[in-house]
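Below sits a lone chain in structure tokens, taken as the form predicted alone.
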């Protein structure tokens, strides 16, 4: 169980619920205690619903993170339920050696595999026209997001993705491909994921149907996995397997060989810059004092909004088109990491992990922003935008939309300020305001900047898990759901098999009798 929170925080929450954000700004125009800069990202949380007194008491909670943070970077088994270290920070550590876990120097092995990735990527441009990544979850979302965010390097292959069981997705990814010049990456930590295995089989069949000689089919496959023996068992040559470790969770794996599609799409220099930005945030998180530590600040704000103010959801709203998949990436990172109730001892507890949702903020302004502005719930917002060219009319308009939306969410619009149309009641125009938000203003959308942004959210997730006393690195709910799915698939095929679960018998009978 986490240490008890200061009793004063509940009192602050009761007090601040009655104080509009407008009043907080009027009382203190300088709210810079909620603004930080890190790696070319200006984090402006001044529109959060708290004051300096509350912030001082929240900082006392930050002390809980220090022991767990030390264990994280030391390679200790902070994933307690699976007795594993958590190694994703090591994947972007530039030191050539020095982190020994269970007798293995992880950093030395990381750099060896990194060099193999680089050499392989350099050999690909002349051989492969198209690369199709077959993975799901963290083996898909991270690379997919980064390939959308980074420009395609000159001469790079066309990198595509297929993740689901729906055949139409793989068919779409293969549309127009020349089989002789198509490479598949099988990305699966365990090499047992059903979606990936079935797409692997379908890809082999496609190559055969397209006339690729049987003895050459497996030359079209490489694997990124922690289960190298399983990859070899299905015929992938050991020299074409790029391993990572059990201590690297899928949602934290884009820094590993799972990032191979990013290297092929954007080039090695872009991948190195991605790692460098993330490592800079690692060092900041490890060394900075609580009052200036940006991941800790954001985790404390999440604790404040969801545990003390009762917000049930959080919206992630990128304004730049190249970051359009970021909300989906953060959904997996935070909901798979935090969506659980058991503490370290397995005791069930009440926690306040939010539902993470969102999408393109520019599109959202014509859709779900209606709920953000005038809905009953106050939804905390993370708005993300790169600094734009103010000389460009459209970019200037995009930045203006971002900033004006955040101001309206915070300040609202009162009865005295509305100008209703004839015959329309003034209440239709009122905006309640007091919707908290944090702005992430990025210098640019470079690989280094995005690496820093993703590592920032990783460490926020780790810190809030410490505050809530849960393990951010297991996912037993996901795993049991997969088991039930396999049982049901067998029951659909075998009419004598019993219906799994407790609610499906009638529906299963209907499906069998169609």
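Please read all numbers here as calculations on a predicted model, not as lab measurements. Positions refer to the first chain, counted from 1.
Unshown form predicted in complex with another copy of the chain; subsequent notes refer to it.
**Q** Any idea which of 108-116, 269-277, 122-130, 401-409 reaches within 4.5 Å of another copy of the chain in the predicted complex, heavy atoms considered?
**A** Looking at the partner contacts, the answer comes out as 401-409.
**Q** Is residue 94 close enough to another copy of the chain in the predicted complex to count, meaning some heavy atom within 4.5 Å?
**A** Flag for residue 94 set to no.
**Q** Can you tell me whether residue 340 touches another copy of the chain? I mean in the predicted complex, with a 4.5 angstroms heavy atom cut-off.
**A** Judged by the heavy-atom cut-off of 4.5 Å, residue 340 is in contact with another copy of the chain in the predicted complex.
**Q** Going by a heavy atom distance of 4.5 Å, is residue 215 a contact of another copy of the chain in the predicted complex?
**A** Result no; residue 215 lies far from another copy of the chain in the predicted complex.
**Q** Could you confirm whether residue 382 comes within 4.5 Å of another copy of the chain in the predicted complex, counting heavy atoms only?
**A** Residue 382 lies outside the contact set for another copy of the chain.
**Q** Would you kindly say which of 292, 210, 313, 239 lies with a heavy atom within 4.5 Å of another copy of the chain in the predicted complex?
**A** By the 4.5 Å heavy-atom cutoff, the listed residue in contact is 313.
**Q** So which of 227, 234, 441, 179 reaches within 4.5 angstroms of another copy of the chain in the predicted complex, heavy atom to heavy atom?
**A** It is 441.
**Q** Of 367-403, which residues get within 4.5 Å of another copy of the chain in the predicted complex if you count heavy atoms?
**A** 367, 368, 369, 370, 371, 373, 374, 375, 376, 377, 379, 387, 388, 390, 392, 393, 394, 395, 396, 397, 398, 399, 400, 401, 403, in sequence order.
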